[in-house]
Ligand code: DAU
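Only one chain is included here, represented as structure tokens and corresponding to the form predicted on its own.
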């Protein structure tokens, strides 16, 4: 018998890669993709599976309870929530949008779980909810200490998920992933922004001294980890998913410059650091490993593959960068780059 999963935010970066993985490896699963099609929700991300009979798309906002109920008109057993406002820089410019989607939207979905007899709800979250980690590694039981409007809104969503599990016995799980990279990532994040700028022979903005440390995970490993936790994780549990590849932003910049054939002196512009910029993230993924998940992708090879994907898929990202993104980039970086 087929199983039906509702995936929210499935036109985004990680969500679209997750859907592609499930359709490829779970022949008995049907996917209902529910996405508001905001700036980062791109139908081109799933053009290759749009005709699959096991895939259907519904346009809608997770903050709209009526639209969510309409998408759940047919029996659905599982909801995986990728829908979120997800870029720290944008959260500094417009915090309210993040509160609406990441907190109110999560609440609407949790209410639907109660009404519709959903048997599994997985909230996709971020390691940024732990805040700055000066040493060691964040564990799932550590206190949350978000320091940006984005991470605070995600922490708020996580707390709601756990509260519904405790109060209403809702069948909930949470994954918290580290910095993710790979194909189909909207070019506001560090790697796709820098790669596409360098391919266009444009400068890249490096915040502060560039020594902020992030752990990088390829989107394929991240999507596979979410699927693994969905199928094997225990209710009312949180699972960290990291790639085990800590790098400074300066290191990442150097690698991308080398792969794109550009020089630091001519293409890197040091700009004032982001307000409240967390210095270091690092997560302990032993809990997920105990369930049998470990990342598979070699960082150097996967990063090289990612650069190659953007080099060979200009038809995907060039239209994005010539539209509303250009206005955002001007607001965010023009004065800093000048």
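Values in this document were obtained by computation on a predicted structure and should not be read as measured data. Positions refer to the first chain, counted from 1.
Just so it is clear, the following notes concern the form predicted together with the named molecule, a form of the same protein that is not shown.
J.: Looking in the predicted bound form, any heavy atom of residue 194 within 4.5 Å of the named molecule?
T.: Answer yes; at least one heavy atom of residue 194 falls within 4.5 Å of the named molecule in the predicted bound form.
J.: Residue 189 versus the named molecule, in the predicted bound form: is there a non-hydrogen atom within 4.5 Å?
T.: Yes, contact at 4.5 Å.
J.: Evaluate residue 82 for contact with the named molecule in the predicted bound form, applying a 4.5 angstroms cut-off between non-hydrogen atoms, and reply yes or no.
T.: Because no heavy atom of residue 82 falls inside 4.5 Å of the named molecule in the predicted bound form, the answer is no.
J.: Look up in the predicted bound form whether residue 157 has a non-hydrogen atom within 4.5 angstroms of the named molecule, and give yes or no.
T.: Residue 157: no contact with the named molecule in the predicted bound form.
J.: Should the three residues 61, 101 and 239 be counted as contacting the named molecule in the predicted bound form, with contact defined as a heavy atom within 4.5 Å for each?
T.: No, none of the three is in contact.
J.: Only one of 212, 138, 91, 245 has a non-hydrogen atom within 4.5 angstroms of the named molecule in the predicted bound form; which is it?
T.: The residue in contact is 212.
J.: Could you check which residue among 233, 149, 183, 205 gets a heavy atom within 4.5 Å of the named molecule in the predicted bound form?
T.: None of the others qualify; the residue that does is 205.
J.: Hey, of 123-131, 69-77, 259-267, 109-117, which bit sits against the named molecule in the predicted bound form at 4.5 Å between non-hydrogen atoms?
T.: The contacting stretch is 123-131.
J.: Looking at the named molecule in the predicted bound form, which residues in 58-84 have at least one heavy atom within 4.5 Å of it?
T.: Residues within 4.5 Å: none.
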